[in-house]
Structure formats: C-alpha cells, structure tokens
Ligand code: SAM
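There is one chain below, alone, in structure tokens, taken in the form predicted on its own.
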C-alpha cells in the first residue's frame, strides 16, 4: 500500500483522476528496456540480435537507440554476449530522456553532477561520438568504481571521473552543458509489488531530497557558462522536488526555463506540470515517473 501522505500529495497536486492514473502505473512490475550503445554497435544490429534470439521488442518514436521488451526479463539480457561486451545497456526508458533533452554537443565541456551508475554519462558520450569532454562526479567511492566500470565497458573516451560531491566543486570550473540528474526520493519509481521500496519512502526523505536538490541546482547554475544550457531531472513526480526546486534556484539568477522539445515526445505518458516548458512523466508499465526541466543561463 502506498503511504497516505504520498496519496494525499499526488491528489492535491494532480487531482483525483490523474492521481488514480499514477497509482495504476505503480502496480508493476515494469517491463525491461535497453539502449543500443552506438560506441560499439548500431540500433539495426541490436534489432537483428534480438530477433535472432527470439526476444520480442518495440521501438520508440523518440529514440532510435531505445528498445522496449514486452516479455523478456533482465536476466534474459544478462546472458547475451552483446551485454557482456557493452553493446547494449539496460536502462529504463525514462532514464534515457534527460540526455536527449540536453542534446549534448561534440566539443562541449559537459558536467554530469551525479553520474553513477553511468548510463546517462555513457549515453552522452555515445550521442557525441566520444567527442565531448565529460566530467562525471560521484561522491561515493563504491558507486564511483561502478561508474568507472560501466564507462569502460561501454567504450567511452574523454570522460573524467571525479570522486567528489558536486556541491563542493571549485568555483573556477565552467561548463557549456550540465546534466543534473539529482538524488531524489524516487517517488516516480515506487511499485506496489516492491514493499521494501515503499517502506524506505518517507516524508523525511522527500524533504531531505529537496534540500540537497536545491543546493545542487544552485551550484550547477554557478558552474554553467553564460549562454550554456543544463537539464535538471529527478525520478520523482512531486512538485516539492521538481517545480519548486527550479523556481527557488532561479530566483535572482540570470537564467530561464526553456521548453523541452524533441521529436516523438508527444507520445510519452505526460503529466501536467506547473512549470511551463518542463516535462513530467507518469509511471506506467514501461516508464518510471520522471521530471525534467531545461535551463538556459543568460
């Protein structure tokens, strides 16, 4: 059963009808999805591989690299040589969206502020053909080791891993683009079939997450070059961690929210957002609940 405070929060934020839709999307389990790693293969080769293995898949309109597997479990993918060789990466569909919203550029200096386990970092490296200079921060040493392992496995280059709390980065650093997939309560990932995850979710976790998120976003705005862009994202659907954090961080800053726009996004399971231009996803069988805002520094 979902916590009472959470049910009341989403009903107050979204209304009873949409809150019911959110709860339906948390029934679980979620379908498996993966991303073709263009640093080592092509989407066409991955499609051929899955077909040869008898693994059914669906393609997504917003990314040629994304594959949804209606029937296969993650363990079915673990057994494939392509997985061991880093040609494919297991990743929820929602998690693939922040790099797409950011649109990383070859030659850009890019910061990934909370990079582990490395899926989005490697995705940005692949999107730029290993031609961007990426700094990937992770404050936890064990998670940083996992990050380095995944990046090496996927064939990334020009990625510098820093075992560092991004909030404490020296102020002389400046970046053209920043991805801040902030630590959050995980409210968009909750599943009724995962009582352990629900027990770990609390009002205190939400409040603490929002405080850290605001610190990180304010730091990001300080590190972003004038004219640069960033994406702030969370796997939460609660306004206190999303729209409210962005509004608070932008107060008094020479920066503004840009509308996220990429082909196929109209096919996503969108939720209403009180922040014009932001994107919020409803949890479904295929998607985790997710929030994204793209910010341009003036």
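Positions refer to the first chain, counted from 1. Since the structure is predicted, the reported quantities are computational estimates derived from the model, not experimental observations.
This next part talks about the form predicted together with S-adenosylmethionine, which is not shown.
S-adenosylmethionine in the predicted complex: contacting segment from 72-80, 199-207, 127-135, 163-171, heavy atom within 4.5 Å: Residues of 163-171 come within 4.5 Å of the partner.
Touches S-adenosylmethionine in the predicted complex: residue 118 (any heavy atom, 4.5 Å): Yes, contact at 4.5 Å.
Verify the contact flag for residue 108: yes if a non-hydrogen atom of it lies within 4.5 Å of a non-hydrogen atom of S-adenosylmethionine in the predicted complex, no if not. No - in the predicted complex, heavy atoms of residue 108 and S-adenosylmethionine never come within 4.5 Å of each other.
In the predicted complex, does residue 193 have a heavy atom within 4.5 Å of S-adenosylmethionine? No, residue 193 sits far enough from S-adenosylmethionine in the predicted complex that none of its heavy atoms falls within 4.5 Å.
Examine residue 183 and determine whether its closest non-hydrogen atom to S-adenosylmethionine in the predicted complex is within 4.5 angstroms. Yes, residue 183 lies within 4.5 Å of S-adenosylmethionine in the predicted complex.
Taking S-adenosylmethionine in the predicted complex as the reference, which of 100, 221, 214, 114 has a non-hydrogen atom within 4.5 Å? By the 4.5 Å criterion, the partner-contacting residue is 114.
Which residue, 158, 225, 143, 152, is the contact with S-adenosylmethionine in the predicted complex, using a 4.5 Å heavy atom cutoff? Here the answer is residue option 143.
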